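Before any questions on how it binds or moves, here is one chain, the form predicted on its own, in structure tokens.
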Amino acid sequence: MKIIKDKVAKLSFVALLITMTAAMFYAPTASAHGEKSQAAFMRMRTIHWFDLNWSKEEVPVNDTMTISGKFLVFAGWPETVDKPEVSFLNVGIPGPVFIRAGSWIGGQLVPRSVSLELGEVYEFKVLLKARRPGDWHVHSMMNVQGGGPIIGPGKWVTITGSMSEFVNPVTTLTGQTINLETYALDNVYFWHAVWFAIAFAWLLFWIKRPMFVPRHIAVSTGKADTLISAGDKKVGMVFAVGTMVIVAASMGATNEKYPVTTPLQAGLLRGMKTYQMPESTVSVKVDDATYRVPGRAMQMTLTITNNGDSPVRLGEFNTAGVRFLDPAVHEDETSYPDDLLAEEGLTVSDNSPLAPGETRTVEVTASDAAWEVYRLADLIYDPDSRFAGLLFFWDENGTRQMVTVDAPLIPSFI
């Protein structure tokens, strides 16, 4: 009976080991869009991305493209999310299909985390180099310490060519030019094999010992001391000492071969240059806001005052990267992603030019299937059901003004 138990336990352990090994080499492909899984209030009340531009929709391997635009760090940042005092400009892509060749905020290179101020607008650019062929959804993204990744709008980009042709040359501080894609790859494989072999030998040594059930019985009956012999302890010491010798020897050899090294650079960049938007002469008060669930539309009652010297009209409402336009006032010419653009999604009860000094109360409706497709309507189920967004006004000369809005949102099911 004991022999049978030992064999069953050993076979179970071997099966577990095989399963874990197989899992190490299996990586399923993910195709979902991250912005849909992020809470609506996170996308509406944290970072507002606008004026985005993807420089290319198709790019060969080794060629570059840029994502550029502006973002507003919303002044009404939610209390449940840590402030963006430590933030990192990033991109949302499905793995290393691009490499990030450079990132800039306000014209300043930002290879590390930055501190952002609430209520400020920043201009940004990210330079990407194509690596893996395929159709990929490429997003702007801001990582906030304690708040997680705040993902922005995404657009499909096609990479053509062969991944085998990809190179990533860099010049070190000693003047040596290397290809980071393949540099010291043989050494990486070698050390993985060494440590895997040591770990596998350690496991094999214990497989010959009583396994789970017999060990449990021995411990339960007070015979735990019989499970480990003096020889086992000696073998354990050999493994421990051998591991330390290998680490020390390899570290010494590495330091001798590479005497000039620098640590990974950390720290925080402060005082980032902000982008000065034209001063707005339009003020907006949200009197009421409701979301009609059956009609997939948000309705706002706005009191708008024009304090400028030229008539203006409301042309766009932007929230969570979804743009609702009034085509009579403004049409998109930037090839913005179709699924995030409601070209006729904005209607205003009276959108005639608002004269200087005039105050008008209007009903504004932003309607499109994007409310449901991008799960923005989930906002009505939050304990703090508030919406936020950007309103853009244009005058007769094409000058644009931006106004932020933030107010409670009441659901309507009729």
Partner chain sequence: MSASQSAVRSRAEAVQVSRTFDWMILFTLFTAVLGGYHIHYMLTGGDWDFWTDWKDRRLWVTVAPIVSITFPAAVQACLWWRYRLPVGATLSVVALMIGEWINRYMNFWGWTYFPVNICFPSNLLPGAIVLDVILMLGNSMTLTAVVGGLAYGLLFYPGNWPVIAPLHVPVEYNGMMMTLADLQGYHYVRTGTPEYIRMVEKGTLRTFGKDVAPVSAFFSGFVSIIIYFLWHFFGRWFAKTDFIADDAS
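Numbering follows the first chain given and starts at 1. This structure is a prediction, so every number in the text was calculated from the model and none was measured.
As for the form predicted together with its partner chain, it is not shown, yet the points below apply to it.
Next on the checklist: I need to confirm a contact call. Of 342, 91, 282, 286, which residue comes within 4.5 Å of its partner chain in the predicted bound form, counting heavy atoms only?
Outcome noted: Here the answer is residue option 91.
Next on the checklist: Give me the residue from 75, 277, 240, 328 that has a heavy atom within 4.5 Å of its partner chain in the predicted bound form.
Outcome noted: Of the candidates 75, 277, 240, 328, 240 is the one lying within 4.5 Å of its partner chain in the predicted bound form.
Checklist entry - So, in the predicted bound form, is residue 336 in contact with its partner chain at a 4.5 angstroms heavy atom limit? => result Taking the distances in the predicted bound form, the answer for residue 336 is no, it never comes within 4.5 Å of its partner chain.
Checklist entry - Taking the shortest heavy atom distance, is residue 103 within 4.5 Å of its partner chain in the predicted bound form? => result Output for residue 103 is yes: heavy atoms within 4.5 Å of its partner chain.
Checklist entry - Does residue 141 make contact with its partner chain in the predicted bound form, using a 4.5 Å heavy atom cut-off? => result Within the cut-off, so yes.
Checklist entry - Counting only non-hydrogen atoms and a 4.5 angstroms cut-off, does residue 216 reach its partner chain in the predicted bound form? => result Answer yes; at least one heavy atom of residue 216 falls within 4.5 Å of its partner chain in the predicted bound form.
Next on the checklist: Between its partner chain and 60, 156 and 291, in the predicted bound form, does every residue show a non-hydrogen atom at 4.5 Å or closer?
Outcome noted: Answer is no for this spot.
Next on the checklist: Partner absent here, but in the predicted bound form, which of 311-319, 293-301, 195-203, 67-75 has residues with a heavy atom within 4.5 Å of its partner chain?
Outcome noted: So the stretch in question is 195-203.
Item to check | its partner chain in the predicted bound form - contacting residues of 91-120, heavy atom within 4.5 Å | outcome: The stretch touches the partner through 91, 92, 93, 95, 96, 98, 99, 100, 101, 102, 103, 104, 109, 110, 111, 112, 113.
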